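Take a look at this single chain, the form predicted on its own, given in structure tokens.
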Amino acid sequence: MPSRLNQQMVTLGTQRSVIRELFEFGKLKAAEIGAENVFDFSIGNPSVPAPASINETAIRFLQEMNPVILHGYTSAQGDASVRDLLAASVNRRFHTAYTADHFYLTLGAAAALCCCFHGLCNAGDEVIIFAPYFPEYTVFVKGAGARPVIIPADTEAFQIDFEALEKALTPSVKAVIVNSPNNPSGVVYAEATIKKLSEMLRAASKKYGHPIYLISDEPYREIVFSSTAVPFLPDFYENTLICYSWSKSLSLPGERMGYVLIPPAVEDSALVYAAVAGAGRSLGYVNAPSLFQRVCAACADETSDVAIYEANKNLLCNALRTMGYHVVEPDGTFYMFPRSLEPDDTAFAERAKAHSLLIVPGTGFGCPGHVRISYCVPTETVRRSLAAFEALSKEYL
């Protein structure tokens, strides 16, 4: 009987996210008036193709490797040779000395985050999340039996409100999650921000007698503009776990490939690794896709053409500011998060639909009064959308 079902799961399975709803609306609208007349900035699906080496490498493996091995099971934590290649890539770029045994391969960053939350948290633990944030964070945290604690956004710069953080750092806090470059704001946390955060977490860990883990969600780490430097968090805070994905950097969202990095500096790192691996086993996330384990590791030093996203950002940001929109300029990703032109961001996004502009209300990201624009679309689409953004702005004059 339906009453015997897990009602929380029924709710999650029947309530599509606002982003997905807009995406589906866009497809229907495109069928009605033509795709070229719909300006769909709803979903973060990379529009830049994967580097040519991805297909070339996949074809080479398909042609040259023993298919029994290529398509067979790997070790639960990922093939050892693949993890060796990942360690070598990270060590080259960040001057570290990690080994294969510090990496646990996952089905994208979502699975990496879930493995961390399930591995670290017990019932009643708290996980601090800084707004604006990827909406699924709260789903993942609650799914692990923990309680999300939201720190309101610093809407002037989208850095961290440290006064609010200080009040939230209680003995129940098990972890803090950061996402930089950030979805939805596109902002990178400055080195000074990371240093201050590290100092506060170190002091709170000492005060309460247990480590507070810093979980860094990094699917956009390589998508940065104008030589922006993204601080490598393990250099600043020892109890850092990194959740990574190639979905954005290599334009492979559908291949679901990522990893958790548990550096040796993490307190009881071997036990933390075991907890992450145990969570993967419990959740059924063992053995990430075999072919793309190998492809991603072989191409780990590459990135899709970020220059296209930067061109879109410059075009859109400059135009919106001229029209009267308030925009904190993104440092990276392919998102920007302007203020809505009325306090009700949901109503504003609804009015935008009349101009065939599909933008996502900021309320779902924990930051009312803003909207997310995902500009991973052809540059010509951005250019053609400007008249619609201007027409929308004139409704508020």
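Residue numbers here begin at 1 and follow the sequence given. Remember, predicted model here, so these are calculated numbers, not experimental data.
Below: the form predicted in complex with a small molecule, not depicted.
This chain appears without its partner; in the model of the complex, the one residue of 134, 98, 189, 273 with a heavy atom within 4.5 Å of the small molecule is 134.
A heavy atom within 4.5 Å of the small molecule in the model of the complex is found for exactly one of 78, 211, 108, 263: 108. Although the partner is absent here, residue 337 is not a contact residue: none of its heavy atoms lies within 4.5 angstroms of the small molecule in the model of the complex. Using a 4.5 angstroms threshold between heavy atoms, residue 113 counts as touching the small molecule in the model of the complex.
By the criterion of a heavy atom within 4.5 Å, residue 256 is counted among the residues contacting the small molecule in the model of the complex. Among heavy atoms of residue 312, none comes within 4.5 Å of the small molecule in the model of the complex.
In short, of 88 to 96, 163 to 171, 281 to 289, 178 to 186 it is 178 to 186 that has heavy atoms within 4.5 Å of the small molecule in the model of the complex.
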